[in-house]
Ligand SMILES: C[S@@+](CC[C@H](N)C(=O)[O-])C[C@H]1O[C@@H](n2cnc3c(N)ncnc32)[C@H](O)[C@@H]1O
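Just the one chain here, laid out as structure tokens, in the form predicted on its own.
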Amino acid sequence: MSTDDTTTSNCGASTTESKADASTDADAASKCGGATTESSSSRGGATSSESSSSCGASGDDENVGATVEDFDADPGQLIAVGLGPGQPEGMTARARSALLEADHIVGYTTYVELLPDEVTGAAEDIYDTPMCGEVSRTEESVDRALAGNDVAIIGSGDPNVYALAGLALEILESKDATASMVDFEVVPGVPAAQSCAARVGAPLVNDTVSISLSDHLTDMPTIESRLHAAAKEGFTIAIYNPWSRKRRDNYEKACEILMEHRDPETPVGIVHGAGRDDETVEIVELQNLEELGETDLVDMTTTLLVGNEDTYVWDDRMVTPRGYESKYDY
């Protein structure tokens, strides 16, 4: 036996939920996000919504719902905000200001939990989804802005580095809206590669390539090709998301590729949970990297910084020469 409850969302759209004894199936077909399957709970007065989709799977959260013609209100503002490494003091002053000015905040649950209390307390509403709800929560942020709210969609690091700033623009375009219509703005944050590099010295002062090993939007052969090229050409390499439960082989393959092109003693900086309570920092040799894949040190919150052929370790810090020594005496 179930009951149907119809409520009004903060975007002014109606949401119908069907609640059963054994399971909950809520099909929301509103002007604030396309049709999605969600389970909603309360977070200190804010709304916390969880998507049941999985990474790479096709589902309702991949289908754009409402278009700009479905909204009667004057559009609000949409801002993509980078939180930086994680701790509140690592957030830029502009990011903090943008979040305090936003009516609604939308983001991945883990990132929402990193927000300082003054930000969450000031928001009228907070909407979050777990891992892999990128499309649904980005469309939610767009629709809330088109419905007249000032909205901030958040992410760790910088919105332009393996994040959702581009997706927000794509969804705006798909709805026949424009970036100017919602006064779209990107508020940069400190990317993971930079914040993690700061923890191990100065490994990125020369040419650098960033690669994500657990990017469900990119097939592994493409990732391997990029890694081969970066390693062969001698770039310093920042590796994001090196290990996940579904993509464990990617890490082993990456170590194999790096060993093919780099000296086994090449320094590698490992930063786990940068700016968070469980932050751990180590510098190891490349030849010892693969065995660390089975430890808690390497997971989706870890960034690897693989030195180039000139990188060395001095005083427990990685140093990548910029080339000044060849032109100046010091």
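This one's a predicted model, so the numbers in the text were calculated from it and none came from an experiment. Residue numbers run from 1 along the displayed sequence.
The form predicted in complex with the ligand exists for this protein as well; it is not shown, and the discussion that follows is about that form.
Only one of 163, 230, 147, 98 lies close to the ligand in the model of the complex, with a heavy atom inside 4.5 Å, and it is 163. Scanning 292, 283, 68, 300 against the ligand in the model of the complex with a 4.5 Å heavy atom cut-off leaves one residue, 300. Heavy atoms within 4.5 Å of the ligand in the model of the complex belong, among the stretches 254-262, 139-147, 118-126, 240-248, to residues of 240-248. Not one of 75, 153 and 185 comes within 4.5 Å of the ligand in the model of the complex, counting any heavy atom. Looking at residue 268, you'd find every heavy atom of it more than 4.5 angstroms from the ligand in the model of the complex. Though the partner is left out of this view, residue 157 does reach within 4.5 Å of the ligand in the model of the complex, counting heavy atoms only. Shown alone here, residue 191 lies within 4.5 Å of the ligand in the model of the complex, counting heavy atoms only.
Taking non-hydrogen atoms only, residue 196 approaches the ligand to within 4.5 angstroms in the model of the complex. Heavy atoms closer than or equal to 4.5 Å to the ligand in the model of the complex belong, across 114-135, to no residue whatsoever.
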